[in-house]
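Take a look at this single chain, the form predicted alone, given in C-alpha cells.
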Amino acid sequence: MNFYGFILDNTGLVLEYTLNHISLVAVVLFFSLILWIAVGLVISRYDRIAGTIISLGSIVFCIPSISLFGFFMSVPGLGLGRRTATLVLVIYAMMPLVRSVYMGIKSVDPSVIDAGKGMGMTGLQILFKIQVPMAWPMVFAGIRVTVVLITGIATMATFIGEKNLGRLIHQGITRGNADMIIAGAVIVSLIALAIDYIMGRIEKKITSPGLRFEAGK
C-alpha cells in the first residue's frame, strides 16, 4: 500500500488531523502577529532594549521544541493539549517576527524620515504612515518564515496530546509504517506551501509596486 492508499483508506482520520493541524497553526499565527509585531514596533523606538529582546528570542529559538513542550506541560493550568501547544509555538514565533519587524523599521531611509519631520509629522505618524508601510516587504518575509516554522514544529505537539498530523508521523515511526509517515509529512509540507503562497498573494495586494520593485532588486 502506498501513502495515497493509506490516505484513501483513512480519509476521516487524516481529515481530522489535518483540520486540527491547520486550526492550531491559524490560532498561533493570529496571536503571534498581534504580540510580536507590537513588540517589534516598541523596540524599534527603544534601541536600548532591542538587542536584549532579539537575543532572548534567539536563545529561545535554540531550545529543542520537545523540551519546551515538556516544561510548559508541567506548569499548573496548562498541562496536556492545545493550550500548551499554542503557548510554546507562539514563543517560537518570537525570533523571526520580532527581528523582521525591527529590521524592517530600521531599514527605512533616514532621509525619508527627515522629510516626514519636515512636514510636521509626529513620531507616531512617521512610524505608521512611513516606516511601517515601507517595512512591509521585510515584515512579510518574517511572517512567511514563521508560518513554515510553526507548521513544522506543530507536529511535535502530538507528544503532549495534540491530535494533528504529527500523530501520523509518530505512530508511523512506532509501527514501522512508511506510508503513514510519508502521508503525514507530505500533508504538513503542502499546508506550509499553501499558507506561504496565500501570504505571498496578500503581500502583493497590500504592498505598493514601488516597494516590491525595491525588494526584488
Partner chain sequence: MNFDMDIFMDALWRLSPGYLTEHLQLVIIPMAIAILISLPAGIIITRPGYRRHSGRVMAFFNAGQTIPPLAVIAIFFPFLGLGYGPAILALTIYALLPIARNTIAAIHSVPEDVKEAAMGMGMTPREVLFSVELPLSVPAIMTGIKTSAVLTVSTAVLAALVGGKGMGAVIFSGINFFRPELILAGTIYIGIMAIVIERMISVIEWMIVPAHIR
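Residue numbers count along the first chain shown, from 1. For the two forms, the rigid core is made up of the largest set of C-alpha atoms that agree within 1.5 Å on superposition. From a predicted model like this one, the values you see are computed outputs, not experimental measurements.
There is another form of the same protein, the form predicted together with the partner chain; it is not shown, and what comes next is about it.
- Proximity to the partner chain in the predicted bound form, defined as a heavy atom within 4.5 Å, singles out one entry of 56, 34, 49, 178, which is 178.
- For residue 87, no non-hydrogen atom is located within 4.5 Å of the partner chain in the predicted bound form, even though that partner is not displayed.
- Residue contact with the partner chain in the predicted bound form: residue 124 places no heavy atom within 4.5 Å of it.
- In the predicted bound form, none of the heavy atoms of residue 202 sits within 4.5 Å of a heavy atom of the partner chain.
- Contact annotation for residue 185: at least one heavy atom lies within 4.5 Å of the partner chain in the predicted bound form.
- Residues 62, 63, 64, 66, 67, 70 are the members of 46-70 with a non-hydrogen atom no more than 4.5 angstroms from the partner chain in the predicted bound form.
- Superposition on the rigid core between this form and the one not shown places the CA atom of residue 198 2 Å or more away from its counterpart.
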